[in-house]
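The chain below stands alone, shown as structure tokens; this is the form predicted alone.
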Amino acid sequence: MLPERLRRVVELFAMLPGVGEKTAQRFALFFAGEAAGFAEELGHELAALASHVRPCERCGSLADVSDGQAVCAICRDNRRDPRLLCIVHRIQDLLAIERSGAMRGRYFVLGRLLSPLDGIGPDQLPLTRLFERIREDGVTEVILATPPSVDGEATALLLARELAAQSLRLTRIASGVPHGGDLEFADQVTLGRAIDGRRSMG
């Protein structure tokens, strides 16, 4: 029922994370209808994205390209403590931690996790860049903020083992019952971590 070009736009939208066919169709009809000017502006910005935004050369997050270099706002922020480094899996994880307002140091984005089933071993992780970053910044504490999954835990253990020889304080983010959550609906692993990660109130 839809024109061929519009159907192709629907297919492309449907390839986005979390976008189903109905939502993709709604987007396409919106752009084809009253939002033609917006569609042109969006298309221009998307086309320019690859040449203006690149992974940060220091941490692996995203940065604006300036003078041929790409260093993100967090790595440029002199108010940050360069001695405190938080290692995360994805940029989405970095953004989530930033929203908490609890992180005063800087980050390192791995981009992938140790996963033997997917053929990702230690050699596929950016460990050399990580060690260079730790040495250059004089890092004294590393926070392992990989997800509490099988691959995330395996990656955290690998990093802890590789960094054990250095004079660093190694910490792992706590995991447990989310704020406002009911214990009744928490799984046994989550509850176990909450008990193990308990802290003194006195």
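In this text, the rigid core denotes the largest set of C-alpha atoms whose superposition between the two forms falls within 1.5 Å. Don't overthink the numbering: it's just position in the shown sequence, from 1. Since we're looking at a predicted model, the values are computed, not measured.
One more form of this protein, predicted together with a further copy of the same chain, exists but is not displayed; see below.
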Exercise. Any chance all of L6, A32 and A63 sit within 4.5 Å of a further copy of the same chain in the predicted bound form, going by non-hydrogen atoms?
Worked result: yes
Exercise. Just one of R169, H44, R135, R161 has a heavy atom within 4.5 Å of a further copy of the same chain in the predicted bound form. Which one?
Worked result: H44
Exercise. Is L12 a contact residue for a further copy of the same chain in the predicted bound form, using a 4.5 Å heavy atom cut-off?
Worked result: yes
For this session: Indicate whether V177 is a 4.5 Å heavy atom neighbour of a further copy of the same chain in the predicted bound form.
Result: no
Exercise. Would L16 count as touching a further copy of the same chain in the predicted bound form under a 4.5 Å heavy atom rule?
Worked result: yes
Exercise. Heavy atom to heavy atom, is T128 within 4.5 Å of a further copy of the same chain in the predicted bound form?
Worked result: no
Problem set entry | Option from 169-177, 136-144, 52-60, 150-158 whose residues, in the predicted bound form, bring a heavy atom within 4.5 Å of a further copy of the same chain | 52-60
For this session: Within 4.5 Å of a further copy of the same chain in the predicted bound form, which residues of 87-107 have a heavy atom? Give them in sequence order, or say none.
Result: I91, Q92, L95, E98, R99
Exercise. Core-aligned, does A14 move its Cα 2 Å or more between the shown form and the other one?
Worked result: yes
